[in-house]
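Shown here is one chain on its own, the form predicted on its own, set out as structure tokens.
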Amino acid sequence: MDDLIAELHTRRAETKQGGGETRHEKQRAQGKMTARERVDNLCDKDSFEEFGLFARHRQTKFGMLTKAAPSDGVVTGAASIDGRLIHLASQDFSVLGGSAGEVHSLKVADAMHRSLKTGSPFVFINDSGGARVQEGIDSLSGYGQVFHSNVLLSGAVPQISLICGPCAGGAAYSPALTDFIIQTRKAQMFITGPQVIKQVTGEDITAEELGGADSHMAHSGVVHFVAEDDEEALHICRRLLSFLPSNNLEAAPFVPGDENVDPNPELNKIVPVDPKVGYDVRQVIAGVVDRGDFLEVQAGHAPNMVIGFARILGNTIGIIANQPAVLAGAINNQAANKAARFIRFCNAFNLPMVTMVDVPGYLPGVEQEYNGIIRNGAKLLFAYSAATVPMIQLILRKSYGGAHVAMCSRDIAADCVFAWPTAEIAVMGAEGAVEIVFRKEMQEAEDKVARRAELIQEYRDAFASPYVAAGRRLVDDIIEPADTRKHLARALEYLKNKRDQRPPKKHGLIPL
């Protein structure tokens, strides 16, 4: 028995070395951790239980018969983060470039199914050259099983992808099917690389310009968080998980410690009365959530819409807000998609939502129309209308036209609507409305400028005032900004047992 145990320890130690210390040092020289170092830095100390350590590929052709691939290039298992169970997979670039063969992918899919069975989040750390060409169709079959598993887990347990190295070809579709992607600046992700693109289309572009973290954040919107390095990516992952429930049947973690709901006078000073003057809505968010702690999602993509997680009295909420500091807070294609996807996530995992509104409308323009603002704007309407979690609308200032309806109005979604005294709720801004309604009258006036100003104020008093909307019960209460946290906390408390029955059906058809 002693000899057998000694052999076991030797085999375990050799297998855990992966591709060997030389390749590990090369990885570290590039500013990256090894696969097992990432696991150790992500999880609670001594909590990782590995599955499939001794797994091996079964390919015998193309030189694979004698080629060692410890753990088949991926580390899989269960662990805890802040005492809560997760399942994870971490690709090992030091073993065959982290390429995904049949067994490699089956190990990942197995970890995902264990995640589903136990109702625990799944974290996939990607660092791979792509499909293992030597295994041909078996490699593709493994990919397919991972993709199918992603869809099975979707809406049942949170899925987080970390892109810490190359993620090319079909491999990129698994992260795209997860809920959140965290990409480091050392990594690139694309379906076809720069060389193929140049051969096919003649376009010349670098790997970083094509698939770097900043490109995906600013242009494609694929990435949700950008990290400087592996360490920061792992920190973001832990922080993100702290806001999320383990599955769709559990509540998000309760974090006590900030029960103060006293007035915050600073909120009275943030929003200018003049609807044409911009401000940073994140200052409003910080003024109402616990300790000012707000985890913004996709901060660099469609910045005219702000989304993210926070807590009020220890309970997680999702926040959706127009950003007047960018495009005056108007909704464009990217902003609508960004918000709709986030709303769908919050609803799937039973997270109440607070929507802060300061929106002049949908962004006009030929490009917006050609790129589908009708379809994409409808996604926002659909996402809110289909949601059944508690939803609160807070109108800070402008709330015009169809965008007013789309931003969680009482008519499609909101359970409770608050407005600040600065709120203007109307079909459009008073200036534009007067140009349409009173054009002839202004032309006939002796003092056109004075008459225009009178009519603008008359329109505001008649339609744009929050008291008009409150009179029609479209606003529940007009509140002093300083008291916003108190009102939100009370509303969230009485809405926590909300029940919303919907017609029986397989699923609705969001306008994709």
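All residue numbers are counted from 1 along the displayed sequence. Here the structure is a predicted model, which is why all the values come from computation and not from measurement.
What follows is about the form predicted together with a small molecule, which we do not show.
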Margin query: Using a 4.5 Å heavy atom cut-off, which of 117-125, 68-76, 142-150, 334-342 contacts the small molecule in the predicted bound form?
Written below: 142-150
Check: Considering the small molecule in the predicted bound form, which of 349, 384, 93, 225 comes within 4.5 Å of it through any heavy atom?
Finding: 93
Note to self: Going by heavy atom distances of 4.5 angstroms or less, which of 194, 314, 170, 221 would be at the interface with the small molecule in the predicted bound form?
What the structure shows: 170
Next item on the list: For the three residues 23, 132 and 166, verify that every one has a non-hydrogen atom within 4.5 Å of the small molecule in the predicted bound form; reply yes or no.
Entry: yes
Checklist line | Contact flag, residue 99 vs the small molecule in the predicted bound form, heavy atom cut 4.5 Å | finding: yes
